[in-house]
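Just one chain follows, in the form predicted on its own, and it is written as structure tokens.
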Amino acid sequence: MIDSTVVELSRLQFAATAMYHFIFVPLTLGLSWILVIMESVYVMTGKPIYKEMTQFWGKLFGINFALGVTTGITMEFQFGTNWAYYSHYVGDIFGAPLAIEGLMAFFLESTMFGLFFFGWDRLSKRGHLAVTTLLALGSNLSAILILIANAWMQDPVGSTFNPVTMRMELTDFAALILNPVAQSKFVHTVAAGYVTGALFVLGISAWYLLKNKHVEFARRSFRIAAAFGIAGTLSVIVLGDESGYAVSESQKSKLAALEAMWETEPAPAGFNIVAWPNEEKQANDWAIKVPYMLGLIATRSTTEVLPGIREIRAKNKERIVSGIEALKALDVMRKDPNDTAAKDTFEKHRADMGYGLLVKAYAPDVSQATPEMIEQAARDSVPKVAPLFWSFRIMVGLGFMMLGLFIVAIWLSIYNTHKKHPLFLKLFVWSIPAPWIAIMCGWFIAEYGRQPWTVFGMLPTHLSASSLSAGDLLGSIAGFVGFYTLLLIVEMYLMFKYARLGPAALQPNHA
């Protein structure tokens, strides 16, 4: 058994590096397509101001892209350094989309990145627009491959456990790529990036309008960002519903925790707008509920029942007991591969083997597990409710707030009344951090909501970590956080510097 402190520190390190990295990713995704739109208008109209807009916002894109790459490379190495058993157990499956991402998407976007900045005077207008489009496609292709890998951790389709090799093996590559969780997760995630890029451009353009600087440049950038942003926000909301439906199919424990639904309700279940979850009582101290809403959204039916946390834990307890039988049979098979009775027992309980592994947090030899240990493992099988419940509501609340902001921005653009409403312009500026907060809440929901699993239903987190010391982890966490904070300071300094300069930043003396 690995010390639980080591597991928690390993999780903390990966969470810290991932969240630093994802400060940069959504802006890259969003700005890349805004650049395509701006340059397309330049190619169609020939107006130099659109070339200037593409180059200026491209400069901020470049700063962000470089730091995103710098912070992202180390994450893949952590699978080997901090999560060695996980890499051994599922590497044949999880490594495939990551390898494709590195060999295809990353090389594509990196090549186009260089051509974007150094090709303005060497390529035709249409040729450079093709480069910008391929840069955006490369960024999005990179995202989908990484999200395919992550979606498999949420819903491990197209794979099976091999009792001979003691590893997970890929059985259906198409199922891995076409995983419904990956599809909804990809579109939801990249749309959130589009909203991030749009609000970034909108907020900075609003600041120029407030200062009465670069007015024509700002008005046009504002208009494009507003239109792109409202489309992106509507996509996030609609596809967030699709993502929630996927969760209801594959991770009922996450959905129950998100909604603080302790008891199974008659279909269709009600939705808690706000509540005060009480983990000890396994009940809500109070709640404001909309009847039928959760059932209709999550199941798209009036008859399908969503299980509550108590029922889920009871079923998981049964699966843990079944999984223990699978593990005991597996142990016999390893000693005697020809034992047909053990093989039959294993096949009967194979589907629950991962749940049996949950007991290893308390009993290294599962045959020695007591009823109390099994009960505790069942309790662990559903994540803590309050963090998920409130993170989800912050994310959704910010999503609808941003939709309102973009609607107002469209209205201001149509009637060209920016100067008459300085309060709205200030609100756009101060709202720039909103999409990042919503995105971080979304990733917290996705990853914390999967606990106690690294691979849902297959491999518990406490069995996935490397055999490191707490001291090693504390030192590396301090190093990563210190270095990444320095990079973030550099990013913020450069972004503020060139944003204040505006189009003047394109002059050689400001390069």
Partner chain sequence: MFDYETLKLIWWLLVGVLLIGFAIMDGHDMGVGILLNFLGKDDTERRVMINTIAPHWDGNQVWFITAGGAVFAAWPFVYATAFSGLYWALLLVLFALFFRPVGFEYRSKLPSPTWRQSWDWGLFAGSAIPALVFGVAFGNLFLGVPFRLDETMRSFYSGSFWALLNPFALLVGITSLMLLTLQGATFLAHRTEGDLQARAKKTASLVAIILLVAFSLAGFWVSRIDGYVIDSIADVGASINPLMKEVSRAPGAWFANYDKTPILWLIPALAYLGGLLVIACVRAGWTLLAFVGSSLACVSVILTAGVALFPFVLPSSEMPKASLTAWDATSSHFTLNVMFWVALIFTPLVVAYTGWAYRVMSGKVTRDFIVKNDKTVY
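Positions refer to the first chain, counted from 1. Since the structure is predicted, the reported quantities are computational estimates derived from the model, not experimental observations.
Heads up, the form predicted in complex with the partner chain isn't pictured, but that's what we're talking about next.
Among Y194, F406, Y355, F94, the residue placing a heavy atom within 4.5 Å of the partner chain in the predicted bound form is F94. None of N179, S142, N82, Q154 but one reaches within 4.5 angstroms of the partner chain in the predicted bound form through a heavy atom, and that residue is N82. With the partner chain omitted here, the record of contacts in the predicted bound form names 167-175 of 167-175, 280-288, 434-442, 412-420, defined by a heavy atom within 4.5 Å. Proximity of D365 to the partner chain in the predicted bound form falls outside the 4.5 Å heavy atom cutoff. Contact between N162 and the partner chain in the predicted bound form is found at the 4.5 Å heavy atom cutoff. Although the partner is absent here, A351 lies well away from the partner chain in the predicted bound form, with no heavy atom inside 4.5 Å. At the 4.5 Å threshold, heavy atoms of E375 stay clear of the partner chain in the predicted bound form, well away from it. For the stretch 10-31, the set of residues having any non-hydrogen atom within 4.5 angstroms of the partner chain in the predicted bound form comprises only Q13.
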